[in-house]
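Given as C-alpha cells, the chain that follows is alone and in the form predicted alone.
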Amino acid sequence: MISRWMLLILLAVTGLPAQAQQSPEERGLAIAQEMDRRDSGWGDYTAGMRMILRNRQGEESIRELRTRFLEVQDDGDKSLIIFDQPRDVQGTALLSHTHALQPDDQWLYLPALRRVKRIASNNKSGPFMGSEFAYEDLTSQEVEKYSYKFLREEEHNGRPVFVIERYPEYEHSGYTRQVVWIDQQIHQPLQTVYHDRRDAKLKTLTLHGYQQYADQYWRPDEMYMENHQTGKTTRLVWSDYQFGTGLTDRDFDKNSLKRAR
C-alpha cells in the first residue's frame, strides 16, 4: 500500500499535477505558446483565396484574391493580400506588418486613386473591403498581442479541444475578448467567438478542412465568419498553398503594393 506521502512524492517527480498547479491564466498562456511553437519555421508561403460575401437577404458577391506571407523572427509576420476579381476591385492590395507589442502597420493600395492609404492605428476594427473580417483579424495573431485564461476542455464536432479566452492588449481593438476552441491534436483554432467593446457577442469564426503542408504546418481550406449583429457572413475558401517560395522583405515593402498585379 502506497502512503499518501509517497504518492505526493511520486506525483511531484512525474509532474502529473503540473497543469493542476497552473493558474487559469498560466495555462491559457502555455496553450497559446505551444500553438505558436508548433507553427514556427515555415519561412514564407503563398495561397489563392475566394471571398464570398453574403448579406442578410442571402445575396452573394464573390471576389478572387492572392495572398503572400513572410515569417519574421522576433517580430510579427508580414502579409500581402491582392484582389484580382471583380474588375471594380482589381489591383486593390492590403499590406500588413504585424508587431508583437506595438500597433500593427497596415497600408491599403487603391488603384482607382493610384494611392497608398495608411490604415490608422485606431481604425483597425473597421471592416476590410465590406467583409465581416476586420483589419485586425487579418494580421498574424502573435502571442504577446493578448493576455489569456484557460476555461475548460471539451469536445467540438467530435474532436477534443482546449477552450481559452484571450483579451487584446491593443487599446484600439474592436473586441473586449475572444473565446477560442483549439484542437488538442494539431494545436490550431477550430472556432473563435468575438465580443465587441460592450462585451456583446459580435461574430463567430469557424475553420474547416485543415490540411498539413511541408509535413508540419496545418492550414484550413475554409474560414467562415458570421456577424450575429448584422446577419452578414463572409466565407474564405483557400487553395494552392505553396511553402518556401523564396519571398523576401522586398516583396512586402510599400512599393510592393503598386507592383502587385
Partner chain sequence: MQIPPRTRTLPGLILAACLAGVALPATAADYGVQVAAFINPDNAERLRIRLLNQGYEPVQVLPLISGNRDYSAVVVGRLPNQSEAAGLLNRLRGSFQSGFIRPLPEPEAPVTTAPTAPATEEPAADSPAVIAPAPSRPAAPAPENTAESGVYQDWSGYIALETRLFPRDGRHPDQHDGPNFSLAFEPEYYREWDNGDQSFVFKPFLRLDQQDDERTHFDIRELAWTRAARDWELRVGVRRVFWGVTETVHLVDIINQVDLVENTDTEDRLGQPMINLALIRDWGTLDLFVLPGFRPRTFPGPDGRLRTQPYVDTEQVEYESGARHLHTDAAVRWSHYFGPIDIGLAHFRGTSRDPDLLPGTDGAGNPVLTPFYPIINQTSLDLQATLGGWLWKLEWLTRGGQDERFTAAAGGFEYTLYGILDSRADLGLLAEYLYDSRDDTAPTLFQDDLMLGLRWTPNDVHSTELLFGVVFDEDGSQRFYNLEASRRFGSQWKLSLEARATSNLEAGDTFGSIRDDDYLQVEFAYYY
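Heads up, when I say rigid core I mean the largest set of C-alphas that superpose within 1.5 Å between the two forms. Residue numbers count along the first chain shown, from 1. Remember, it's a predicted structure, so these values are computed and weren't measured experimentally.
Another form, the form predicted together with its partner chain, is not on view; read the next lines as being about it.
Taking the partner from elsewhere, every residue among 107, 117 and 208 has a non-hydrogen atom within 4.5 angstroms of its partner chain in the predicted complex. Here the chain stands by itself, but in the predicted complex one stretch of 136 to 144, 162 to 170, 82 to 90, 69 to 77, 82 to 90, has heavy atoms within 4.5 Å of its partner chain. A single residue from the set 64, 26, 199, 34 has any heavy atom within 4.5 angstroms of its partner chain in the predicted complex; that residue is 64. Contact annotation: residue 50 falls within 4.5 Å of its partner chain in the predicted complex, judged by heavy atom distances. In the predicted complex, its partner chain sits beyond 4.5 Å of every heavy atom of residue 102. When its partner chain is considered in the predicted complex, residue 21 lies well away from it, no heavy atom lying within 4.5 Å. For residue 176, no non-hydrogen atom is located within 4.5 Å of its partner chain in the predicted complex, even though that partner is not displayed. Taking its partner chain as it sits in the predicted complex, the stretch 128 to 160 comes within 4.5 angstroms of it through a non-hydrogen atom at 130, 131, 132, 157, 159.
Superposed on the core, the two forms differ at residue 110: its CA moves 2 Å or more between the shown form and the other one.
The pair residue 122 and residue 66 is at least 3 angstroms closer at the CA level in the predicted complex than in the present model.
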